[in-house]
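Presented as structure tokens, the chain that follows is alone, the form predicted on its own.
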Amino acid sequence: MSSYTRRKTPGNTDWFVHDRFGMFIHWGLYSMSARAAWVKKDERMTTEQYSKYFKYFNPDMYDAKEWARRAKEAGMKYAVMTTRHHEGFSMFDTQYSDYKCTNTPAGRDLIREYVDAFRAEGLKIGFYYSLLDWYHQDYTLDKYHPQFNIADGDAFNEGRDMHRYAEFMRNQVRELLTNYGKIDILWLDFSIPPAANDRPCWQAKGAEEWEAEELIKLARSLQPDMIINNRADLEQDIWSPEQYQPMEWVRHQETGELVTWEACQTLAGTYSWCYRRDEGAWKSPEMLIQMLINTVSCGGNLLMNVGPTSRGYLDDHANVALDVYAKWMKYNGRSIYGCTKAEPEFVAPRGCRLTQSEDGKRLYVHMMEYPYKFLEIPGFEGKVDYAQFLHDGSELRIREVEIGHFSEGLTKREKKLVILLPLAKPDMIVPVIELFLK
């Protein structure tokens, strides 16, 4: 069994750290701009200017079954979809707002279709829900609001009441956690850190403003088996580093304990969470696979985002990336599912990353850089019973030898485990060696 102990969480994250790989889906009115999920803020749009997207939103090619099929083929075990992003538009048939998908030309509950399709494929269901809302009449001005530095803050906030807004959020979360069956993840986003130069009318928003304790209490009462992230400014189950790759297991800032964490990333190199028509900085196939491997080798999960078009289909870039994952995971998923950071006694050779099965019986060497003819692994002597390529189960011969080399005129000998490799790299972006330990 793994010797690593994670910080205890309110919810049971055992399934989460086993499954390791999920699909993030950012989809909303902003997809029509094809520029950014934050386009309303980035371009300082008023609600009236933004209303054109509400008027014409019509995802006539939306096929949730196809999305679910693609996610499953790619090796993803769960999904998290935006039910409402910062724009305040609900992708579900809420009773508490008219600003919802059923009042657009879409005319139907888009979240219902997502839930039914992904559940039918055996994938776990996650809901993203924004704590920010740039549409609601009670949401007050802050430094992330589209009208920041444009509207007079005091005048803008007059008559607005964050207590009423917090109640509105609870009502919507109650709907989401009541009307769609079992929900596995609630992914809240996000709290606003304070700044020294904030005026009172630009105040930060955190647990107090969201009335987060009451919100979380409600959520857990409705879905006791659900896990929740930490972005409501209250520690819960999942830490969620965004758009960067930790190179070590994420630790609790105060106690130093290992935490349950998930890196959320986009397919593009820029900050493109939604469909971006003119995007040019797509991650390479090598980077896509290496990010997944690196994350699991550090004890984490990867939540990879796709941004459907406003018509509701996944574009060619997203499908190419999903194909990359599908081909690699079909043969190498065993080095990801149920795996975690290798025990401290095992040190990765140069250009490699290690993962280890939770029962400790198998070690996986991911060769980011394919070596010439053989792989030397010091410290593994006497510990390996059998070696094979994971993708085809073909045997790799192993030797425990003393390798001599000259240094300052003296011959030094070092004992190492050596794995003999074919000269030609297998047709895998990252070949994986499976070591069965004694």
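All of these numbers come straight from a predicted model, not from anything done at the bench. Note that residue numbering follows the sequence shown and begins at 1.
Quick note: we don't show the form predicted together with ligand GLC, though the next part is all about it.
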I'd like to know if His85 sits close to ligand GLC in the predicted bound form, meaning any non-hydrogen atom pair within 4.5 angstroms. yes
Tyr128: touches ligand GLC in the predicted bound form, heavy atom cutoff 4.5 angstroms: yes
message: At 4.5 Å between heavy atoms, is Phe89 in contact with ligand GLC in the predicted bound form?
response: no
Evaluate Glu242 for contact with ligand GLC in the predicted bound form, applying a 4.5 angstroms cut-off between non-hydrogen atoms, and reply yes or no.
yes
Residue within 4.5 Å of ligand GLC in the predicted bound form by heavy atom, from Glu175, Asp237, Asp189, Glu209, is Asp189
As a check of understanding, the residue in Trp38, Phe380, Phe389, Phe54 with any heavy atom within 4.5 Å of ligand GLC in the predicted bound form should be identified as Trp38
Only one of 389-397, 65-73, 371-379, 23-31 sits within 4.5 Å of ligand GLC in the predicted bound form by heavy atom distance, namely 23-31
ask   = Would ligand GLC be touched by all three of Arg231, Cys264 and Trp273 in the predicted bound form, meaning a heavy atom each within 4.5 Å?
value = yes
